[in-house]
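A lone chain, given as structure tokens: the form predicted on its own.
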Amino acid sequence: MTQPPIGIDDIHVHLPDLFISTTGEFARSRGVVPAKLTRGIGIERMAVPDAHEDAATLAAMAILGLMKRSRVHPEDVGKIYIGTESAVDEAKAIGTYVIGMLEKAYGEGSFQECSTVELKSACIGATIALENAIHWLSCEDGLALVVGSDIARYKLRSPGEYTQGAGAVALLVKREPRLLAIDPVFGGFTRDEDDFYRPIGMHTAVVNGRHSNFCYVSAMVEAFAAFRRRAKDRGLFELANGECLTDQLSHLIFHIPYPRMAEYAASAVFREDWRGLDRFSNIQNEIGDEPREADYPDKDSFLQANWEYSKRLAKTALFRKSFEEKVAETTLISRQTGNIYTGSLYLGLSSLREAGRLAPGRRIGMGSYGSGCSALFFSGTVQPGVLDLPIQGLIEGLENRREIDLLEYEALHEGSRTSLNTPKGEFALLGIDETGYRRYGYVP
């Protein structure tokens, strides 16, 4: 008996109502030319959580929106998997707080037969959650909710500050999905790195930016190569002479710490896939041969040379054409939100959906990265049901947010207890009691 396809049936994004522009006052205060932020890294606005918002409220709002959109009943939900690196408790799963909030909308005990777990692996957490949900659905009936919910926060005036953001993306995962059927092949890569981490008790992350870029790109290439090898062994793709795997992918979505990073990832993956083909020989004639590690005194020098080579490749006409066709539109929303960590890959999927670029039968490649470092590459085929799914209206909704000034942003960043917006029609953190327990409620 053939196993029915399993994948993403619907998707819902929840973003804070506040944002700060990276140009103007913010750029002047940091001594940065605005073009470095809007074009150099690709972020025009950063989503900023209000004082009553955290990763738990963002996740609960994303799930509530998804359940209402798709008319999901609590008794049908068997699992809630939440990927986050913005945990609100060192022991209690964020999902239990989320279920507590959801039961204020659906009734006490309505989710009592649903199990939940929090998955932490930096920005790859939601993808590992999706992989686990798919495995569960391969042997059980029901629905799974997968959420990526995070608040990216770095020290004020640090290099990482420009890439902050916040938001949650909820995925409805089921058999015979309407949106995207996930192929049963994942390519993975992991090694121990210190490119990004947040020690226990620290409010902001520690980032080694240059090294993190190297880790991201090398891990993504290794995960893609593993996926390509496994997909070939499983007979997932049939390549014609002179064709490569990415030729059969209509779109490539990458983890987006900042939009320009998706370009660097694409350059590295295309380079890996084109190597040995006539098109790559033409590129070498244009920009020279690839660096060889044996020609450099140490690994760091080689990695830098390799990085510079990928940047030169990214300026070639062949790459620009492939990037514009397959990758560019995946960053539309991230440019207006900044980095939302575990949800950013699926924000790329939402960008394609909102832009009307998800056509039935097209196969999409997805590359997820988590610092520390791990990567997964997988693919899925857009389903006919996508035509019946209304868009969320995210792109228009981004224009209805409230812009805040620098002083308001810095006060919220440093832990202001006063909300700029009075909570209304949303879940909110109502307070933290003397024991440290967080109290949430629904504010009508």
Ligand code: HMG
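In this text, all values refer to a predicted model and were calculated from it rather than measured experimentally. Numbers for residues come from their place in the sequence shown, where the first is 1.
As for the form predicted in complex with the ligand, it is not shown, yet the points below apply to it.
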Would you mind picking the one in Y97, F186, Y258, F224 that has a heavy atom within 4.5 Å of the ligand in the predicted complex?
-> Y258
Would you kindly say which of A129, C123, A219, A265 lies with a heavy atom within 4.5 Å of the ligand in the predicted complex?
-> C123
Only one of 246-254, 104-112, 210-218, 275-283 sits within 4.5 Å of the ligand in the predicted complex by heavy atom distance, namely 210-218
Should R320 be classed as touching the ligand in the predicted complex when contacts are defined as heavy atoms within 4.5 Å?
-> no
Does Y162 reach the ligand in the predicted complex if we count a contact as any heavy atom within 4.5 Å?
-> yes
At the 4.5 Å heavy atom threshold, is F196 in contact with the ligand in the predicted complex?
-> yes
Determine whether any heavy atom of S350 comes within 4.5 Å of a heavy atom of the ligand in the predicted complex, and answer yes or no.
-> no
Counting only heavy atoms and a 4.5 Å cut-off, does the ligand in the predicted complex sit next to every one of Y81, R153 and F427?
-> no
Residues of 67-94 having any heavy atom within 4.5 Å of the ligand in the predicted complex, listed in sequence order | E85
